[in-house]
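Below sits a lone chain in structure tokens, taken as the form predicted alone.
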């Protein structure tokens, strides 16, 4: 369930003050998506940013007209009265930064990966609950009118029982991408393509199909000179009984993000890259479904594409109304649970159930092993 979120400390009357005051930590490329989305959003005022690079901070603050400019989170929290902190830093610092923001009395919107381990995410969730503040992980693929409609159709049962699914993140990254110092290492990125790229589609799949039961996975490093994997395969079983094949890779010159869900009454297909609108979705009725029933499955006339804009619109509408975080950001730990199960399965060579993750030993930092399959003579299959 969403974390409880009483009104911010500074209020007018009985409800939250409006506009809510927001700040951004980190001014890299993803921070621009946050700032652009917040700039014209009703109910929020972006008032400050923080970054240790004074040059980057100055350019970012000038671009968005921010009066508050700070070189550390501590300075920002000491100087600014904020209601929401957007965390756009590398994942290694997310847990500490989130806990600090909650202690300050702010809600937190954090980019994914939300944390480097479930243990870190546990600290974040617990701190938010103790402070009575909300935590939103930026899985923007959940947002938009098409995803909302498809979820409603699945939840209602009109499409019948989900049976099988495909979840493929086929992206392409060069050596230059991994030249950024914190990428490609267990210590600072936390994992490879499964965590950093595939988790978007994995999260959307779980958002649509609900709770998962067990997973079995293998991890591969075929091309890049990094510690972590650049390809993974998994079988993922949901509580509904549906079985999904999950593939994540950064080795695909033709990039694509793909979901396919086959139910008793229909096939749902989504193919896009980094965001989707109605044109990216298709629902095909089974032969036994009459035209009148299938006609009720059309997407709504008013289209809202997925993305930071759509997600933050829902977040701030709910916060301004005093309802806390909206349902669209519910279950902030589920994607990392599935990904953690995948890494544990690859490491231990067995199925990992959701219940297994109650073991503290499985809630720590992620790790391989990774099966090497380089072209210079090493086997492309599992080691003997």
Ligand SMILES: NC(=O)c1ccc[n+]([C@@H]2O[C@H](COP(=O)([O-])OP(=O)(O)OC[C@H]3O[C@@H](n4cnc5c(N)ncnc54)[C@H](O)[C@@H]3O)[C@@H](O)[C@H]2O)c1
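What you see is a predicted model, and the numbers here were worked out from it, not measured in a lab. Numbering follows the first chain given and starts at 1.
The discussion below concerns the form predicted together with the named molecule, not included here.
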Sort through 324-332, 350-358, 24-32, 337-345 and report the only stretch with a non-hydrogen atom within 4.5 Å of the named molecule in the model of the complex.
24-32
Hey, with the named molecule in the model of the complex, do 89, 112 and 183 all fall inside the 4.5 Å heavy atom range?
yes
Would you mind picking the one in 205, 234, 138, 124 that has a heavy atom within 4.5 Å of the named molecule in the model of the complex?
138
Proximity to the named molecule in the model of the complex, single hit among 145, 223, 97, 218 (heavy atom within 4.5 Å)
97
Proximity of residue 39 to the named molecule in the model of the complex, heavy atoms at 4.5 Å:
no
Residue-level contact is defined here as any heavy atom of the residue lying within 4.5 Å of the named molecule in the model of the complex; does residue 50 satisfy this criterion?
yes
Give a yes or no for residue 272: in the model of the complex, does one of its heavy atoms lie within 4.5 Å of a heavy atom belonging to the named molecule?
no
So in the model of the complex, is the named molecule close enough to residue 151 to count as touching (4.5 Å, heavy atoms)?
no
For the heavy atom contacts within 4.5 Å of the named molecule in the model of the complex, list the residues of 297-330 involved, in sequence order.
308
